[in-house]
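Below, in structure tokens: the form predicted on its own, a single chain.
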Amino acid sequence: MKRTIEKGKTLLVDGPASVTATSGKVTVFGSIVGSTNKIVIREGKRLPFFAEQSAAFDISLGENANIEEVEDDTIPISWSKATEEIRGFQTTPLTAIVLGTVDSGKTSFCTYLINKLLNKKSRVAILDGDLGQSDIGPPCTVAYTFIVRPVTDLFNLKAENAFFAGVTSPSKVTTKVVEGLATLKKEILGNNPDVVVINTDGWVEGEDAVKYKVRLVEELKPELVFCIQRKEELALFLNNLERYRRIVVDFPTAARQRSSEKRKNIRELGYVKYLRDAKIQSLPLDWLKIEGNEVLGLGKTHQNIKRARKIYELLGMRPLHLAELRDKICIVIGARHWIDWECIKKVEEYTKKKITVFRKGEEKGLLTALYDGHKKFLGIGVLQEIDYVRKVMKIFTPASREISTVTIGEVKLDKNMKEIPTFAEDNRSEFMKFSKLF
């Protein structure tokens, strides 16, 4: 498809699509688009092509893609002023954090800031703290990279390092996310940046969200806090961050609201990207440090042999795996085996702890992260099987370097890399239901 627009207008393109500006001067988030650059817009994303001169385009649209021509530049004037605010600081390195609701344009604003700073030859790093809509690293991670040339989509960049939280929302892992971002920022500062731009997630509603974001800002100690808001939705944040230089920037008029299903689809494209060229690797459990999801009690064994034997006696069987944690006992049994509900109650009375029972095979599909011996992030993988007899863990992953640590997340994927429900940890109702049949 051929399309021309006049100087001063913007062409909004919703992916999946590809666009080449064949003539004229065109910018996307402050990055000049050359006639030799084909810009690919992925599904669920929108790019604004602003014509600083009359321009012609060669456009290819995929299914459900869309184009719209609008007057003027869709980049708010306040975004340009924000760039000048950063340049006005004499402090280096300078850290700027960006806060806003879901689909408020945080990533677009970060991209614009970065491109404008690169035009001034600054050394810029982006630290992506949005678990559910991560651009720099895989979904369920926070990650960073240094940027050497202007970009139109941060998703095309490669992470320098990442920290795996194992979930798509920070609400249950706030401490882990804060610590992960603080660790990565420290690593960034060791590489002498001029500016560190920190993007955040869109969880802003409720007291817990406010506490989390305030804690995040206090831990990361930015010189500037940018708040993107349409009305007064970030008022509580602003009131709790009086010690910091806070700047409110405008909500972009071209921002598009996406459904939770669309955001899920975008994450699934991320799984596909980071699991490309993956293969199944068999890793001896004795060689690994296993962290993260404790539902199966992996990485834990029962050290008290006498106590373990008593539990086996009360269960009336020896399970494939038994792990006693601080507040519960995890038991794994064969796929076709069963434990009588009365036996479970006897163990709970004996140990004074809740019992969770899972069948072998329920672990298949859990998202994992892989690290080397220096805790360097190697990539993600999908757990395929835990062979408790041979003591081997099988993971579908493209990671090829020596794997030392496996962190198990709480997200589960099917064979097509689609998110599916995970097993419930409190599964006693299932056992009670079946016990009534006998």
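In this text, all values refer to a predicted model and were calculated from it rather than measured experimentally. Start at 1 with the first residue shown and count on from there.
Although it is not shown, the form predicted in complex with a small molecule is what the next lines describe.
inquiry  = Since only the chain is shown here, I'm wondering whether Thr101 would be in contact with the small molecule in the model of the complex (any heavy atom pair within 4.5 Å).
reply    = It does: once the small molecule is placed as it appears in the model of the complex, Thr101 has a heavy atom within 4.5 Å of it.
Taking any heavy atom pair closer than or equal to 4.5 Å as contact, tell me whether Arg46 reaches the small molecule in the model of the complex. Judged by the heavy-atom cut-off of 4.5 Å, Arg46 is in contact with the small molecule in the model of the complex.
Asp130, heavy atom within 4.5 angstroms of the small molecule in the model of the complex:
So Asp130 counts as contacting the small molecule.
Note to self: Residue-level contact is defined here as any heavy atom of the residue lying within 4.5 Å of the small molecule in the model of the complex; does Lys106 satisfy this criterion?
What the structure shows: Judged by the heavy-atom cut-off of 4.5 Å, Lys106 is in contact with the small molecule in the model of the complex.
Worksheet item: Quick one: which of 113-121, 69-77, 355-363, 215-223 gets within 4.5 Å of the small molecule in the model of the complex, going by heavy atoms?
Response: It is the stretch 69-77.
Which listed residue (Cys227, Leu314, Leu320, Ala254) meets the criterion of a heavy atom within 4.5 Å of the small molecule in the model of the complex?
-> Exactly one listed residue reaches within 4.5 Å, namely Ala254.
Interface residue in the model of the complex among Lys264, Arg246, Lys328, Arg258, criterion: non-hydrogen atom within 4.5 angstroms of the small molecule: Checked against the cut-off, the match is Arg258.
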